[in-house]
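Take a look at this single chain, the form predicted on its own, given in structure tokens.
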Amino acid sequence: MLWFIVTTGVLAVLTVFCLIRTERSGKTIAPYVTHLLIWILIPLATNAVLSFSADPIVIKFCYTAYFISTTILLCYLVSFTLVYCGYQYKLDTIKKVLLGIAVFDALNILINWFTGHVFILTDTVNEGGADIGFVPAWYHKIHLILSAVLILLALYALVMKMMSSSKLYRDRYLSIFAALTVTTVFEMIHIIANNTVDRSIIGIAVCGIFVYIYSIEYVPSALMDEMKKTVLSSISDGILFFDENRNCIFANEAARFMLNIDSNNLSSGLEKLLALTGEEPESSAQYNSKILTCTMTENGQEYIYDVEGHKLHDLQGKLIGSFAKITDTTERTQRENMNRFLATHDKLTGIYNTDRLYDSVREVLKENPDKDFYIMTSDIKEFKLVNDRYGRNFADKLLIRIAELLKEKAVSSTTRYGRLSGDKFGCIIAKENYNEQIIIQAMNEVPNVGLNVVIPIIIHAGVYEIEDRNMPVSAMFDRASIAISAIKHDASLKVAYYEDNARDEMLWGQKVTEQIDNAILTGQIVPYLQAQVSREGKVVGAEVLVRWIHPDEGFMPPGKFLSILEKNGMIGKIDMYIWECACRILRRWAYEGRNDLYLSVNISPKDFYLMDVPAVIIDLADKYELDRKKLRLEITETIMMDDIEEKLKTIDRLREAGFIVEMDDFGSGYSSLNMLKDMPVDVLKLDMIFLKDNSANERTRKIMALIIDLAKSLDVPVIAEGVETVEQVDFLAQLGCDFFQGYYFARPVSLDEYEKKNLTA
């Protein structure tokens, strides 16, 4: 038995060595291998003792430990096999079942000391003396069945994994399967022979070492080679390998495509690579490592590659070959170039953006200290309306057209131009190259955007002569923009030049714009009422006007701020506020029983672009539960200057909703009779500008009489506004004018003053 003791000792040492290596590996599978190796040591030790011991107690203890340890060993073998094969389905449940089997079997083996239902020992006398024999009892068969089931489960898991895995992986599972199968065969022989010592434990130890090798140490070279080949073939970078003589021995698919290399003939690999880099064979061989950026044109398409080359040496420093990596950077380079371009240029028009334009202006001024320059900006009148009416595509083409004209007209080397924001463009031009007529001609050419659409686009330009070169460039362009503000509502003027008073007006406009929201919120904006009276002198209603009680400026008439709000598009806010004030007043009057008075509110032409006017006014009337005829709506004929059909639909909506619509300032324009024909208004509000001069001639008076007669023939009541003298009252009364409004009867007053004068019983 000496050979068996020596063999088990050697295997025990090897198992301990594998155990230590396993603990240090840190792999996920390591805990399972550790438990397996630990429980292999116990059968080795017990069988070594059994081979030389004759003490019945020792032998019985060894058998007990041997049977318990093999059951636990087989349970850990099954757990290891399932994890090793990647089996995850209900793994925790299976582990609990295995634990239950181990505990059940171990308890039965332990109580065998008292019951003898697993095995008993017998003394046999022979010539050499007395031998102790092993006699299995009925539970021993159950123990063997449990062991067989566990072994078969482990073998089954290995077989299923081998069948489903690539052949590159099969040796990982086949080796363990073979070792376990051989060990099982030897164990069956031991059971049949009923030998005292289980020599098949040697196979179990060998099987444990196989488990360690393949789960902890083994790296399949064929698998690694196949993976490397697959990765190199699938990556987007081109890869070429060269031997020590610079013969191409491998080129992946990407490299063959980039360099147009025949897959069956790699000999042209070096030649094609050098053609790309533009290097000579001798010089290119001198570098240990290099990175080149190369450009190749094929079929009119430009490709940009980064070529990285390295020499490869073995551990002794001897050359074994080289490799080259080709990265297609075309898209990345183009994207970077585009990002650099967009950092300084406008995306839509392709000309300088604001920051780059400011920088270029500073550069021009610095490089030309003896020259005089103009800063110029342009602005499209009501560009937002152009955008809304004709669409984004048309508006973009309009802006591109302006950029093209700037390029075309900027013939001087010192001219710089760019897009400032939205529809605003700017440039710097030398005074000696400035020509106003060329600028006006270019602005007249802008509407020609190739869409066969004739639209009334009006462009203004503001010009500021640079006096202080140390002024921020942004301030220079601001001054040119200030110049535009002076002519923005004058279609006859195209170019304006900066003056200091224009700056003051701009600052005031900014102040109004900044403060209007707070003014509404804090009650600085208040409604003023100007009475309207009948021919009999009875007050029948009032027009609601707006006033601003400013904490610093004091009482401000509308002329000081309304035009500014019209320009910047904020008129809608103040109009909606005054409309709601009028609704609150009418609601209170109705509550107090004063249903005999009405209020008229003004609707700005811009309101029709800023909001859905009928929806807003109807909501207000419903909110305050008003008789809608008590809230009269005044519109001016200027709203019909464009988009007539839509405006007529809007007016019809208001009248159908029950509101009385008045045409305000009739007679102040040039299309009043035509508007009277087209506009379905309920009341005509006659502008007394005709009779402003007391010396108005007979011709003027006849025209006034004709207008009133025409209105009466259409059953449209007439209100004359701006009535200031008794002569005007008498004249209008003779013509049959129905109502009057003006200083002769009453000035605009606060709500309290109006009510004290007209609502007191």
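These numbers come from a predicted model, not from an experiment. Numbers follow the displayed sequence, beginning with 1.
Not on display, but discussed next: the form predicted together with a small molecule.
Comparing 141 to 149, 302 to 310, 539 to 547, 514 to 522 against the small molecule in the predicted bound form, the single stretch with non-hydrogen atoms within 4.5 angstroms of it is 539 to 547. Of the residues given (V364, I466, I578, V83), I578 alone sits with a heavy atom within 4.5 Å of the small molecule in the predicted bound form.
Put simply, of C248, A254, L406, M688 only one has a heavy atom within 4.5 Å of the small molecule in the predicted bound form, and it is M688.
Interface membership of E724, defined by any non-hydrogen atom within 4.5 Å of the small molecule in the predicted bound form, is confirmed. The closest non-hydrogen atom of D664 lies within 4.5 Å of the small molecule in the predicted bound form. Proximity of S604 to the small molecule in the predicted bound form: non-hydrogen atoms within 4.5 Å are present. In the predicted bound form, S175 stays away from the small molecule, with no heavy atom inside 4.5 Å.
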